[in-house]
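Only one chain is shown below, in structure tokens, and it's the form predicted alone.
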Amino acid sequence: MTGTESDGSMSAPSRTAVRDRLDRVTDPELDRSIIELEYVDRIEIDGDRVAVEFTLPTAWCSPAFAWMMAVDARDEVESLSAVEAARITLREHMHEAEINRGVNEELSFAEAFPDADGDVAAVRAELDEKARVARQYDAVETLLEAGLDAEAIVALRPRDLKRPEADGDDAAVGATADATEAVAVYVRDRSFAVSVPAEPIERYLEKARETDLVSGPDDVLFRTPEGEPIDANSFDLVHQRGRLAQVNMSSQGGICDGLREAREERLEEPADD
């Protein structure tokens, strides 16, 4: 947590607050938090300045992906009101010098890598769309398990999702949910509703909004990988494409987990005398 001192100055950010911000940063290839993936090695807080060190599973991870994680980590930590500046250090990577200098001097990717072919915006957009499709698969699976059919699912809008509030009034879905929360999904012209776990629905909505596919309460909720509304007759095919994206990301995550564990074992091995 952060706060204001009696003289009006801001107190230093807590380690928990910094970790919570870093938990929002994902490995763009895996769509998983860098905290969950145990990439973050060290967090140092000195007044209003924060230093973060992180290591990727291998030294040859894509420099574009490493750059995105470093930039996102800097921006998330600096979004805390009590933080004046964040210094991000990528360790044990073949391009750590270029990335650390570029991110901490707020250079563009092209300035940090003058020989690179283009910027990272197109790469980020492609990975965000892949993550959106994979998250859609998880959300749709949740709705199918609740008994909804294709026709009901493709017709859903954000206005049809409500999270029960403690005072009895429903609130629109949009805030971060934990695994124990539920959301009411209204279907058939709101003639009835089913209750489903909120977390997969919220995760999908977050990425759909980031990719500008859903911005208002009346927008079609689920889309094809190309961003078009889904015809009920094509539902199975679109859902299968989502499964492929989800499986691909899970497989990549398994490979990275194995590489990270192998690297940690090598580093822990005692040096030969």
Partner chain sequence: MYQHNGEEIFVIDAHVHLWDATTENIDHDGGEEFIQCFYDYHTTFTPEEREWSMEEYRKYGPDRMVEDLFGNAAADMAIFQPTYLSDFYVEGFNTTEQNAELATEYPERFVLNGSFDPRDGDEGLEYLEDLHETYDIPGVKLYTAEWRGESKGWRLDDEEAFEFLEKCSELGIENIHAHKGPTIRPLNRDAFDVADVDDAASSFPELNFIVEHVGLPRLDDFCWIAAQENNVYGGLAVAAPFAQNRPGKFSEIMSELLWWLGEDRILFGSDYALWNPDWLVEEVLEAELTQEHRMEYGVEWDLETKKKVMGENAAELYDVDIEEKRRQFQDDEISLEFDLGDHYASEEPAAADD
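We call the rigid core whatever largest set of C-alpha positions still superposes within 1.5 Å between the two forms. Just so you know, these numbers come straight off a predicted model, no measurement behind them. Positions refer to the first chain, counted from 1.
Not on display, but discussed next: the form predicted in complex with its partner chain.
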Using heavy atoms and a 4.5 Å limit, would one call D23 a contact residue for its partner chain in the predicted complex? no
Hey, in the predicted complex, does T16 get a heavy atom within 4.5 angstroms of its partner chain? no
Close approach of R241 to its partner chain in the predicted complex, 4.5 Å, heavy atom: yes
Is H93 near its partner chain? Define near as a heavy atom within 4.5 Å, in the predicted complex. no
May I ask whether I35, A51 and F113 each come within 4.5 Å of its partner chain in the predicted complex, counting any non-hydrogen atom? no
Heavy atoms within 4.5 Å of its partner chain in the predicted complex: which stretch in 58-66, 200-208, 213-221, 39-47 meets that? 58-66
Counting only non-hydrogen atoms and a 4.5 Å cut-off, give the residues of 186-223 close to its partner chain in the predicted complex. none
Core-aligned, does R24 move its Cα 2 Å or more between the shown form and the other one? no
